[in-house]
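The data below hold one chain only, encoded as structure tokens and taken in the form predicted on its own.
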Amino acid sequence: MNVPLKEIADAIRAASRIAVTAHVRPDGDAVGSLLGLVLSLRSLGKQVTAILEDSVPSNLTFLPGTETVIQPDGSVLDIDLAIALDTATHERIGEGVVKAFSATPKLVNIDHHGTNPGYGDLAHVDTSSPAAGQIVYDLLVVGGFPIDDAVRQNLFVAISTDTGSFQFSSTNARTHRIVAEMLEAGLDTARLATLCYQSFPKRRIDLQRAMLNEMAFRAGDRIASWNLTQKLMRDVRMQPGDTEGLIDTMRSIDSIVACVIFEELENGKVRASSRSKDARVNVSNVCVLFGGGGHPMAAGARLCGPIEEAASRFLSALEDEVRRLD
């Protein structure tokens, strides 16, 4: 059962030592939401630990506060309250963070994924929100917590990246009102947009070039896919965050209704990241078949390799979903 944001704000106000985390392989919404909340609560005088299983990807290190994010070291944190943001299941905060939070008396779960079961002691899962950052902004407003320029920068990036720069259908009127409030407060959104979308390293362009050369089509050019191999990652010296937004290039093709990037992981697993461009094609339904999940139009899963076989299995299921349009 969803608890009101005011109840979560009250729990935060009552706590002195707080830890905040988000999902493994953090993206813009995860990092921006985390730091937006952390910086606000630190301004409130709280002792706040920002912890992530994986390091902040290089494409997001321009955000204020990233230098304070730690990774788990095997110890258990002495805290009054733990908060998980943008994380559909408890396990996706990562094994190290699960251990770090093991002694917390209260876990708060704030998310917008429809597959979130409502784990934790206080859960607020708003599937109508396009980004966890939007929920965090509303939490700060409800709680009367500080919102300065550094907080706004993080929450703007969280919202912008998870809405596809406000292009996705999940973007709603509240989204634009929040950004308007940020602009009125003096936030330089043009600078942040440049840092997010126009400051890519050459290795990221090398990845994009490979994707354009290698991507495959099926279902009458309605499905596009690409296999990102370990060899290519090594060749371009790929860093975390370098693939962010690449899938949108495939999604932009006029005939495409769904697309997938299959990423070969070091442990032999394959990470499938899928997107839909048609509300009638629910990629979350496909990902659930393979133990994953997410949003109807943006979801992921992990499959057993090798990558060619994993891609074949997933694409067959996705093609069944796309054929519903016929």
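Position 1 is the first residue in the sequence shown; the rest follow in order. Since we're looking at a predicted model, the values are computed, not measured.
The following text describes the form predicted in complex with a further copy of the same chain, which does not appear among the structures shown.
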(request) Give a yes or no for Asn213: in the predicted bound form, does one of its heavy atoms lie within 4.5 Å of a heavy atom belonging to a further copy of the same chain? (result) yes
(message) Please determine whether Gly96 contacts a further copy of the same chain in the predicted bound form, using a 4.5 Å cut-off between heavy atoms.
(response) no
(request) Would you please decide whether Ser75 lies within 4.5 angstroms of a further copy of the same chain in the predicted bound form, comparing each non-hydrogen atom pair? (result) no
(message) I'd like to know whether Val141 contacts a further copy of the same chain in the predicted bound form, with contact meaning heavy atoms within 4.5 angstroms.
(response) no
(request) Spot the stretch among 133-141, 86-94, 244-252, 103-111 with residues whose non-hydrogen atoms come within 4.5 Å of a further copy of the same chain in the predicted bound form. (result) 244-252
(request) Would you check whether a further copy of the same chain, in the predicted bound form, lies within 4.5 angstroms of a non-hydrogen atom from each of Asn2, Lys6 and Leu289? (result) no
(request) Quick one: from Gln71, Thr194, Gln239, Gln230, grab the residue that has a heavy atom within 4.5 Å of a further copy of the same chain in the predicted bound form. (result) Thr194
(request) Let me know the one among Asp221, Asp235, Asp121, Asp148 whose heavy atoms come within 4.5 Å of a further copy of the same chain in the predicted bound form, would you? (result) Asp221
(request) Residue by residue through 159-185, tell me which have a non-hydrogen atom within 4.5 angstroms of a further copy of the same chain in the predicted bound form. (result) Ser165, Phe166, Gln167, Phe168, Ser169, Thr171, Asn172, Ala173, His176, Arg177, Val179, Ala180, Glu181, Leu183, Glu184
